[in-house]
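Below sits a lone chain in structure tokens, taken as the form predicted on its own.
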């Protein structure tokens, strides 16, 4: 009897300890990174030690920006052909292995911008911005589509409308300049710049609108910042409570003004620039460009510059400058807890890749990281994820295997990267191995 009593007591203790352990750890939920395994080849990517990657989607129709719901569903903005008549896809993982196996869609337009904020999904075409109400499962509620901004200019050059929201009910929209440098004859050798540049009235900057007001037009918005040739990547920095943007710098210094610039100048100037914006800021386009060699604002040749004259006394300085022509297409401030501490609140930037750095090799086609602290950069940028293009010195946009264009953070802290060349979506996780 004593032995039976002893074994019964031990059984009760083991059962109790097991229950306590289960309560402490909680149930394993589908989609958590504990169930997600990197591809054997890390999806072809080169990553820092301890990181892994997997392809979660492939063959999509030119996916641009992406967003992930609090429930872990991936939303993708298409800019190629519509998929079954839909321009926004929702990719849902039913198995918990990190690879979505259920696809639905909505919205009958293509475009670039997409973001999620306060229970709404926002998506843009090249002229309009829409929002959709999400239910408690992170699904778009049927019939909830609302057009909040309309009539934005689209001249089929720098036409994409990227969007982001602040924490005060405002949405910010890039309206790119439909020009290289506001010449009288665009991209014609020796053509002078128009003064003042009329494009800046309705493009070449960031406009601010209300996130919940329907059918807004230019008259309802505020030109929040100007002098920005084209911003595809932008994000709201919560530490600084400020909008940060990545500008695509101008092209063709040598081919348009060969008396002042060499082929080498054309390849290395001007810088791609990150700006921290306040309301009313002017970044100086088209009158100036930023020289990464001298770290100075230079007067554009269309407006009397010769490669030596400085300009833009009233224009803001960039927060960071990057090599020329790499095409920054997405910016994301990392707030997750999965990655090591050095990445917390830092900036990830997806560089789409250059086409006009000849005679030098083309550059970009990777994701970089910039450390930040208290809303300010604190160190040099470094390549975080490479191997998208797979071509080396012979690289061109046409023969690049993949081109990074969108970034999103999952609720578990993983990082998603979209590619609009082959339609691939990558997920990068930290394994510590």
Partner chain sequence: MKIKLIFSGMLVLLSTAMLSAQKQAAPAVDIKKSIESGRAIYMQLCLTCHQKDGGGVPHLNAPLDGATAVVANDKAKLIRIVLKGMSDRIEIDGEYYSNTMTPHSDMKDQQIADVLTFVRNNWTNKASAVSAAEVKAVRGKTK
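What you see is a predicted model; the values in this text were computed from it and never measured. Residue numbers count along the first chain shown, from 1.
Keep in mind the form predicted in complex with the partner chain is missing from the figure; the text below concerns it.
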Just checking whether residue 409 would be counted as a contact of the partner chain in the predicted bound form - the rule being heavy atoms within 4.5 angstroms.
no
Just checking whether residue 157 would be counted as a contact of the partner chain in the predicted bound form - the rule being heavy atoms within 4.5 angstroms.
yes
Does residue 397 reach the partner chain in the predicted bound form if we count a contact as any heavy atom within 4.5 Å?
yes
Verify the contact flag for residue 226: yes if a non-hydrogen atom of it lies within 4.5 Å of a non-hydrogen atom of the partner chain in the predicted bound form, no if not.
no
Among 148-156, 98-106, 273-281, 287-295, which stretch has residues whose heavy atoms lie within 4.5 Å of the partner chain in the predicted bound form?
148-156
Between the options 194, 344, 213, 187, which residue brings a heavy atom to within 4.5 Å of the partner chain in the predicted bound form?
187
Report the residue, out of 202, 208, 237, 79, that has at least one non-hydrogen atom within 4.5 angstroms of the partner chain in the predicted bound form.
79
Residues of stretch 403-433 in contact with the partner chain in the predicted bound form (4.5 Å, non-hydrogen atom)
403, 421
